[in-house]
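Before any questions on binding or motion, here is one chain by itself as structure tokens, the form predicted alone.
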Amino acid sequence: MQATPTPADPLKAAKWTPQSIRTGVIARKRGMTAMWDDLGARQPVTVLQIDNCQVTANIVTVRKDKTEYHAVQLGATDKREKNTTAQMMGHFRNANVGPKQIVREFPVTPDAHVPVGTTLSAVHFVPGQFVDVVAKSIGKGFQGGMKRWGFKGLRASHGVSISHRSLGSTGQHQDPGRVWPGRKMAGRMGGVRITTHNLRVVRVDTALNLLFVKGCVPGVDDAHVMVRDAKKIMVAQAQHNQAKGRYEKVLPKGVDDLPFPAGTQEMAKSLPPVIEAPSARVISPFLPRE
């Protein structure tokens, strides 16, 4: 693994294409609230804050088949130096950034590397686009089949004694005479890595570095989450429409372009403090249907 040489100013004259895969960001989940769009419809949103997210390295690794793996390594949320190992302090010192609580890397295309030390902002995402959010789900502990898998359970009356929430039969006859591997049963629930796909960005607060996405996000409040361009809509669908010549459908409606290779803190200073996406609805939900 080696660090890529950084051009003098790669953020200038860079243009996003459907074949480009940008880096994501590390954010902190601040909680949920509600918003009302310009048609008056209420929509639940999750508030994510970009907490001093900086580039700590650009990674290029040559695989056994001679192909190259490119990634951008990010660190977020400042940490005390006394609580950081000497090895990580040397890594942060080489990147000219302060110690961070969390370090993650995002696979990118070779043209999407970001200069080391760059501070990313919430303007990395454009209102109206779609994102995927990756985080560790809330742990529920040991749970039964009804809560863990949505089983119906046994009858609530008529002959069932203290077994109302039981799974019921889990095996077959004497042949095969065992429970097949993978059977849905009681066990540990939650506490695993979850990816929520295709959440729409409805507002970006450049002053407070806040990202408002429609819907729920895995993880507890104040947990670190990874936010990236939606693989299904912003990458795969964009490449498909580009190949078919549907250039007006490469990006979602209302999105003209994406900051490339990244939306930086300097870029946010030239934008309004709050940027909001127009409603995705065609007509008002309060008008009677014809």
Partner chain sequence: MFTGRLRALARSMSTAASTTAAAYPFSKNVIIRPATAIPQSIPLESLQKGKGLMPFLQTALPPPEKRQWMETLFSKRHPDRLLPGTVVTVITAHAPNTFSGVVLSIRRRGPDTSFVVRNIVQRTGVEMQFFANSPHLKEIKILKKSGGGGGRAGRRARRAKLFYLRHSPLKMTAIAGGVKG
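Positions refer to the first chain, counted from 1. Here the structure is a predicted model, which is why all the values come from computation and not from measurement.
Below: the form predicted together with the partner chain, not depicted.
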(message) Looking at heavy atoms inside 4.5 Å, which stretch does the partner chain contact in the model of the complex, given the options 137-145, 99-107, 184-192, 124-132?
(response) 124-132
(request) Decide whether Met267 counts as a contact residue for the partner chain in the model of the complex under a heavy atom distance cut-off of 4.5 Å. (result) yes
(request) Mark His224 yes when one of its heavy atoms lies within 4.5 Å of a heavy atom of the partner chain in the model of the complex, and no otherwise. (result) no
(message) So, Ala236 and the partner chain: in the model of the complex, are they within 4.5 Å at any heavy atom pair?
(response) no
(request) Classify Arg42 as contacting or not contacting the partner chain in the model of the complex by the rule of any non-hydrogen atom within 4.5 angstroms, answering yes or no. (result) yes
(message) Can you pick out, from His91, Arg203, Lys214, His113, the residue that has a heavy atom within 4.5 Å of the partner chain in the model of the complex?
(response) Arg203
(request) Check each residue of 41-60 against the partner chain in the model of the complex and list those with a heavy atom within 4.5 Å, in sequence order. (result) Arg42, Val47, Gln49, Asp51
